[in-house]
Every structure is written in structure tokens, then in C-alpha cells.
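Coming up is one lone chain in C-alpha cells, specifically the form predicted alone.
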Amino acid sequence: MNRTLQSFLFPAITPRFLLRALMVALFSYIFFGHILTPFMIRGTSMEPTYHDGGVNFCWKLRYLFSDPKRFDVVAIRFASHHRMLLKRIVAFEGEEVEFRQGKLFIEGKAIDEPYVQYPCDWNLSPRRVEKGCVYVIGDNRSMPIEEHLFGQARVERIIGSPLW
């Protein structure tokens, strides 16, 4: 093995090397732990927009200087810090939401949802979004309504949005 390759694979452990390794580790911890967190998509509730088993990054700075908007896809912190739900915002506090024969209605008006690709037959009686909450739902409405996690989520539980 030539000397350059050997020094690359087995660097001398000097104070400078240790400082560089510590800086890289610290930067990685901050960047990937608190700014751009990788996650794996589990489940089919967001298909066809996001697929089960896909990998993405949660951009946690997305809502630092702005509020979420209707139809944004957001990552919501679930029961613990290690579990997130990926859902789409469809309504805001004070708005009335309902489903009739698979069609979303907000404040009694039918909403066009071009991201919903699969047929849906959901029926859900009108409900008002509580103060400090948004109404979130997945894009895959072909699943039975009983198997789909959706509904009101507190705004402070939104931790960011997928990078792509």
C-alpha cells in the first residue's frame, strides 16, 4: 500500500485531527438533528405524493418566519419526538370541515384537490377546527376512513415540511 493511501485510511491521531473530527461530529449533530432531519415514510396515507418506504428530510426551518398555508404537506410530531406523521393541511382554526361522498367541503364549499388521485367515498359530519389547531389529512383517500389517521392537530406540533 502506498504511503498516501495509508495515511488517508489510517491518519495520525493528532490534536488537530481530533479537533476536526469533533467539529464534523458537532456540525452533523446540529444540522441533521435540528435543521434537516432525515426520516423514512411509513404507510400509504400520503400516496401517490409520498410512497411507503421512501426517504426524505424534514426541513425544520420552513415555518420559522412564516405560517403554514392551506394544502402544505407538513411533518407533525406524534406521541414522541421520534415519530412523525406526514399530512396535508386542509383547514384552519374556526373553519368547518366535512366530507360528502368523498368530496372535501370547507365552510360548505367543495374544495378542488388535484393531489387526490384515488377514488374516495368518505362521509364525515361537519366539525369545526378548534382554536390553535389545523385540520390535516393524507392524500390517499382510497383507504377506509376508519384506517386513516387524520383530524385536528395543534399548530405547535408541526415541526416542518418535507424537503421534496
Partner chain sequence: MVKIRYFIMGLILLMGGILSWGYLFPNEEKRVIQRFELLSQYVEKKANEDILSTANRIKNLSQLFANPCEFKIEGDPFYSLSGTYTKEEVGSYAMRGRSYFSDLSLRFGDYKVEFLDKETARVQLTGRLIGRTLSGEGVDEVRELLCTLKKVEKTWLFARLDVMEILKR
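Computed from a prediction, not measured in an experiment: that's the story for all the values here. Numbering follows the first chain given and starts at 1.
There is also a form predicted together with its partner chain; it is not shown, and the following applies to it.
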Non-hydrogen atom contact residue 62 with its partner chain in the predicted bound form at 4.5 angstroms: no
4.5 Å heavy atom contact, residue 76 and its partner chain in the predicted bound form: yes
Heavy atom of residue 70 within 4.5 Å of its partner chain in the predicted bound form: no
Partner contact for residue 85 in the predicted bound form: its partner chain, 4.5 angstroms, heavy atom: yes
Interface residue in the predicted bound form among 41, 58, 46, 136, criterion: non-hydrogen atom within 4.5 angstroms of its partner chain: 136
112, 130, 121, 107 - the one with a heavy atom within 4.5 Å of its partner chain in the predicted bound form: 130
In the predicted bound form, segment of 122 to 130, 99 to 107, 50 to 58, 23 to 31 with a heavy atom within 4.5 Å of its partner chain: 122 to 130
Those residues of 124 to 156 which, in the predicted bound form, come within 4.5 Å of its partner chain by heavy atom: 127, 130, 135, 136, 145, 146, 148, 149, 150, 151, 152, 153
